[in-house]
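Consider the single chain below, provided in structure tokens and representing the form predicted alone.
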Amino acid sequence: MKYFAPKSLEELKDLFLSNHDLNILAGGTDVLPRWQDNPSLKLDVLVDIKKIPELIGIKESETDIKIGALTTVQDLKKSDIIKKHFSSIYEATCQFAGVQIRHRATIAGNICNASPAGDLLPGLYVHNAVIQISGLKGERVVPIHQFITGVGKTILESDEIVVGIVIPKSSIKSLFYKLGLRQSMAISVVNFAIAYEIDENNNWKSLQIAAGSVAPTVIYLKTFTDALFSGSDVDESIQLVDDEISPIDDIRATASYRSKVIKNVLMHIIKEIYVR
């Protein structure tokens, strides 16, 4: 195995030019365990990008928050900016794995891993995060729901990396819910984030729900939220969730259990935040 540790994006691009099939190492909380479980996994060239300073940190402007790709989950958890503007993301960091993992795992790693159970993803979806990508062909930005295309799949080309995440500021409130098989260090059986505004007349002003572990990717429950917007009662419209999700049976839960749980919890939380 060849190991490289570039100290700038320019050095990384030079590696892309001279090598094929680079394996990017950020926090290492996914790629290394995967390699240990499957030694035949091809890791001929490992590129540790931890020493690229422009990929680290949280910056605030008048209109948005930019998070560097290598910003750790622990840094997100400690950030007053994240806690103030994006409650659902902050709450997800508090329930993310354990302390050691939070100090290593990066926001871009959680995104690029593209697990439908990724804890940071629902909050990023409901806050309309945009992914900044850089590669040999230049730079581009893509909404997060278009960036992740399936289980473990993204639109990243082999000569591209995520360099940052931009989240627009807004006045919306948000929250995060996670159900795991234990209190910590657990992969979500079901998770979701809700972002909402209620106007002075006690009507929905905005509402987005993004759910994980119930489909191949995190999904927006748009049919359900549209029904609530139109005035339907939550008890009547909750069954619409079944039309949008496609949960599976696995070692953590059955599909029917996931369906029942997400509907029961959603119904409870919606009634808590919105009372006619």
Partner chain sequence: MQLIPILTPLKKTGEKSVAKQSYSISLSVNGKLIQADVSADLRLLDYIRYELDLTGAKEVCGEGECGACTIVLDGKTVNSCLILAVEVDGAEITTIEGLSKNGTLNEMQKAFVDHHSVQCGYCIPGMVLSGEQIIKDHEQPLRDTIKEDLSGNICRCTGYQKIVNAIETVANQS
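Being a predicted model, the structure only gives us computed values, none of them experimental. Positions refer to the first chain, counted from 1.
As for the form predicted together with the partner chain, it is not shown, yet the points below apply to it.
Of the candidate stretches 150 to 158, 107 to 115, 69 to 77, 163 to 171, only 69 to 77 has residues with heavy atoms within 4.5 Å of the partner chain in the model of the complex. For the options Leu46, Ile52, Ala227, Ile58, the one in contact with the partner chain in the model of the complex, meaning a heavy atom within 4.5 Å, is Leu46. This chain appears without its partner; in the model of the complex, the one residue of Asp243, Asp37, Asp249, Glu236 with a heavy atom within 4.5 Å of the partner chain is Asp37. Contact annotation for Met185: at least one heavy atom lies within 4.5 Å of the partner chain in the model of the complex. Interface membership of Gln100, defined by any non-hydrogen atom within 4.5 Å of the partner chain in the model of the complex, is confirmed. When contacts are judged by a 4.5 Å heavy atom cut-off, Gly231 does not count as touching the partner chain in the model of the complex.
Although the partner is absent here, Leu25 is a contact residue: one of its heavy atoms lies within 4.5 angstroms of the partner chain in the model of the complex.
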